[in-house]
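Below sits a lone chain in structure tokens, taken as the form predicted alone.
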Amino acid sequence: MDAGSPTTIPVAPVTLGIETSCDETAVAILDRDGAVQLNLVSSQVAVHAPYLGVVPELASRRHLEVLPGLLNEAERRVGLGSVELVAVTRGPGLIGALLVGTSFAAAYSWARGLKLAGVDHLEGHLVSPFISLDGRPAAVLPERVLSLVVSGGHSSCFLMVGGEVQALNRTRDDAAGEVFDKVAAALGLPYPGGPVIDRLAESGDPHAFSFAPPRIKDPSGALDYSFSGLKTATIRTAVALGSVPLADPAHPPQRLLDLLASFRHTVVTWLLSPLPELARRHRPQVLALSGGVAANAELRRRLLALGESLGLPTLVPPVPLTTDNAAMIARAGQLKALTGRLDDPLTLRAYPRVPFKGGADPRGRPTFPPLL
């Protein structure tokens, strides 16, 4: 199911979005109805590939080099004269990378006399299933949404009620996307590893290997995630198969393809396992998926099937909007602006980890100010 075309669209400011939280430099422009006019993303994969991971200093320098050029390209393609609001990711992420974006956005908005909205990166992911890249207006957020956010830094289920966002669980160790990348790196597969494993797993048997589920002793964390044990077990199994490092990463042996398929299948199974119980408890109107791992083919297929079995409309974002992008940041900024929740460009601050204006519940799960 896609986001559809709602009958009533709140009128928001024409918005310039800026995203620099990690290793993608992105700029987007959204119309007053949330339709995407422009979505530009400059990837740094080639910069970080030799290191099999993101090097923060290199990421920050690359953002400094690329961001002005993306603004010039946006001006050339659609013009920036109608922009009324600048929305920028303020956290969480790499602090140096975030400072490039927030400093640029604050200076740009101040110099042009534009409104400014600092956006939490997770807020951007949460709204990404409700926007499209085909020129349609953004969909209005339903009153109750159960959303699974899965990326290299986050694996959590969130409940959005009337714009209020609450984390329902968390990962106790590695995020799912991080585990994909670490397994790939151990095998000598190209970076980033998640998409490579996803592609190779399509040729394997997902039931060839089985893995013991994590044991979380804390009863209050029964629905939490834990992937570090699975990561270790997968790498050890690959070593036992004689596949570390791979002799020919472009043509892995069938037994390793079976292992990767089983690994992917297990990650997806564990990610989906809390959703039926959370749906029973919270009675959402919509089930949604977002984050970089939302591009995973098996996760998309099985979440749509799960939504159908639960009788819930299910939204998955367009694949280009699963990774870090400025369109989702612009839309989250529009929703904040509609309630007057704006920032002063002279005092805007970035934060690397926890929500700057929010907090945490007694179990350490983040809470956020209302989106709407």
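When you see a residue number, it is the position in the sequence shown, counting from 1. Please read all numbers here as calculations on a predicted model, not as lab measurements.
In what follows, reference is made to the form predicted in complex with a small molecule, a form of this protein that is not presented.
Contact with the small molecule, judged by heavy atoms within 4.5 Å in the model of the complex, is confined among 100-108, 160-168, 225-233, 176-184 to 176-184.
Note on contacts: among 206, 153, 221, 96, the single residue with a heavy atom within 4.5 Å of the small molecule in the model of the complex is 153. A heavy atom within 4.5 Å of the small molecule in the model of the complex is found for exactly one of 274, 142, 188, 195: 195.
Not displayed here, the small molecule is kept clear of residue 147 by more than 4.5 Å at the level of heavy atoms in the model of the complex. Contact check for residue 293: a non-hydrogen atom falls within 4.5 Å of the small molecule in the model of the complex.
In the model of the complex, residue 39 stays away from the small molecule, with no heavy atom inside 4.5 Å.
Residue contact with the small molecule in the model of the complex: residue 121 places a heavy atom within 4.5 Å of it.
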